[in-house]
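Just one chain follows, in the form predicted alone, and it is written as structure tokens.
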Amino acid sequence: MNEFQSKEVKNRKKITTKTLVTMKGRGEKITALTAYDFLMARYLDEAGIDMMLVGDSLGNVIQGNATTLTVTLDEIIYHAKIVRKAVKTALLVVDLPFMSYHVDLKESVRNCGRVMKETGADAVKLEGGERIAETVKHLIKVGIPVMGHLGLTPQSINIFGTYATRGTDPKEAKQILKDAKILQDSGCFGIVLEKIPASLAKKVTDSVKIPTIGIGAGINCDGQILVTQDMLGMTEMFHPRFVRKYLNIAEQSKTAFRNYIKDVKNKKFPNKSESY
């Protein structure tokens, strides 16, 4: 057992989609974070995270792009394959990038199938509600577990035109509630609720039997997810109110880099014990 793992984590069973539904039933909160590389995924798994998401948010935090829209299927597969190597017990969910499940059912199944087969993922995540219901049903039929995503859906940012909170308008709130039930009835095992009012998130959570995972959606969701780089304080240009920073790695890293530069410049590194 290494220093990151408690006895409970070391001995726990593999988390499955059924596990998450069971956790909701017994009122146990679900923990989720994003992962895009081997080391971070290893730390998360050994810490005991329930679910890991290889999100298209890699377009922002890894690639430095303004939106998630530029992420390709091959890129998401590349990162998911790396993460899979480190995951032992967490449920591994992979985002389907923009335009990879929008053209027709045949292409959607092919692309989702590639993700599952080439990466070893446990499930895929798609954005949208009623409009993707038939796609979800078809994927379930061929054996691909699907997680939904409602509220602020980043792949639709050019339609929204802003990252403002969704569901504040009664009509939109009603549609989100309707979409959640449609996703459940279509076969989704869970739904991410992003940046919607806490009161609406509670209504959605109470209205469905599948777990809801919130990000900026209040305490009453069945679980919570954040972008790992955000909660570690690595992303300095992004400060939404729903992100709690558990570390400030950006500043700690820059201090370490400055100390290294200083030691090399002043001929203090390497010393005799660090040399052969």
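The structure presented is a predicted model; accordingly, all values stated were derived computationally and were not measured. In this text, residue numbers run from 1 along the sequence as written.
Heads up, the form predicted in complex with a small molecule isn't pictured, but that's what we're talking about next.
inquiry  = Let me test this: is every residue among 34, 56 and 215 within 4.5 Å of the small molecule in the predicted bound form, going by heavy atom positions?
reply    = Per the other structure, all of 34, 56 and 215 touch the small molecule.
key: One residue of 192, 201, 112, 80 in contact with the small molecule, assessed in the predicted bound form (non-hydrogen atom, 4.5 angstroms)   = Looking at the other structure, the residue within range turns out to be 192.
ask   = Out of 40, 208, 49, 227, which one falls within 4.5 Å of the small molecule in the predicted bound form, going by heavy atoms?
value = That would be 227.
task = Would you mind picking out the stretch of 243 to 251, 23 to 31, 41 to 49, 56 to 64 that comes within 4.5 angstroms of the small molecule in the predicted bound form, counting non-hydrogen atoms?
result = Of the stretches listed, the one contacting the partner is 56 to 64.
key: residue 149 within 4.5 Å of the small molecule in the predicted bound form, heavy atoms   = Yes, residue 149 sits close enough to the small molecule in the predicted bound form that at least one of its heavy atoms falls within 4.5 Å.
inquiry  = Under a 4.5 Å heavy atom criterion, is residue 125 part of the interface with the small molecule in the predicted bound form?
reply    = Because a heavy atom of residue 125 falls inside 4.5 Å of the small molecule in the predicted bound form, the answer is yes.
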